[in-house]
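This document starts with one chain, in the form predicted alone, laid out as structure tokens.
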């Protein structure tokens, strides 16, 4: 169960937008931050601001301890083998680019292939297009059906001796589909292919266990899970990370440097060149504490109930169509209204104090698949309630009235 009054933990939610109490339903884009996370940033800059790993003085040691403690919390949160498999990056996008350039690109020869899916975020399309173009490789697309479910049974037939890597989204940011990622990973490994999972829309909604999942790489962004922006995580199996060359060069990712030769540091430091987002990493650890206090299973149940309630209510409104009806969904409700552009829907909702997303959600191929320019998207988080859903439905009805 989610405690009542949880909105009070999030200062930004206690305000009026255009004369209405704010109803924030754009959580798939970014989540709001609890006081504990905001306080951790304040505490860092007020009391321990210093660079890490390099100093013998007290502030540096305290900052280093807090930074590395967050790495430990993340490893425990996703049940990684050890904390050295956790690489701090700016977000899921950088994690994907790191793997694409440091691990996959050296494997590719002309006419080799990489497999992604039809429902990927642009961040899990463009990096692969870039390295395929550079190496003369091919990008293959695992299709989906009209409900927004991947046709996983076709994956086996797509794989051949030229297949070098698979990269798949765990949860779709525009459809809410929870993909059968364990089955996909099993198929990949049975064919001796490594796989990356984009977990940016999964990590805040459902339990993640690396030992059970057995993904070779898994990435996510902190700001989607109540942490600051500009911080994220790439998990990688240590044997793979050990083999990979650094993605960037600079300070702290080296053991020694001369003009003749550089010896690289061990993981995770090898992939964390320069001064990192120290306060952001610490804030991510505090966000994980917050999630753990509530319980990720409780969060999953709460959001599932909200999605079920919202789906039932929106289906009662004539002229509204849900985009994405997978049997297994996270808390995303994408919809279109007859003869009303999603941008107009979003604008009118904002006048009612309701924040939703309108657009292609960085998933233009999905919009092309459904032959629509965009959707309106409401996405739920731990602080949302059935009252928020009711306000959303009232606003949808008012929007329809306006355009009549």
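Just so you know, these numbers come straight off a predicted model, no measurement behind them. Numbering follows the first chain given and starts at 1.
Heads up, the form predicted together with a small molecule isn't pictured, but that's what we're talking about next.
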Report summary line: Assert contact residue (the small molecule, in the predicted bound form, non-hydrogen atom within 4.5 Å, options 175, 196, 233, 200) equals 200
Query raised in the report: Quick one: of 71, 302, 223, 270, which gets a non-hydrogen atom within 4.5 angstroms of the small molecule in the predicted bound form?
Result: 223
Query raised in the report: Do residue 329 and the small molecule share at least one heavy atom pair within 4.5 Å in the predicted bound form?
Result: no
Query raised in the report: Is there a non-hydrogen atom of residue 227 within 4.5 angstroms of a non-hydrogen atom of the small molecule in the predicted bound form?
Result: no
Query raised in the report: Wondering, does residue 91 line up within 4.5 Å of the small molecule in the predicted bound form on heavy atoms?
Result: yes
Query raised in the report: residue 166: heavy atom within 4.5 Å of the small molecule in the predicted bound form?
Result: no
Report task. Have a look at 276 to 284, 259 to 267, 142 to 150, 167 to 175 and name the one stretch with heavy atoms inside 4.5 Å of the small molecule in the predicted bound form. Result -> 167 to 175
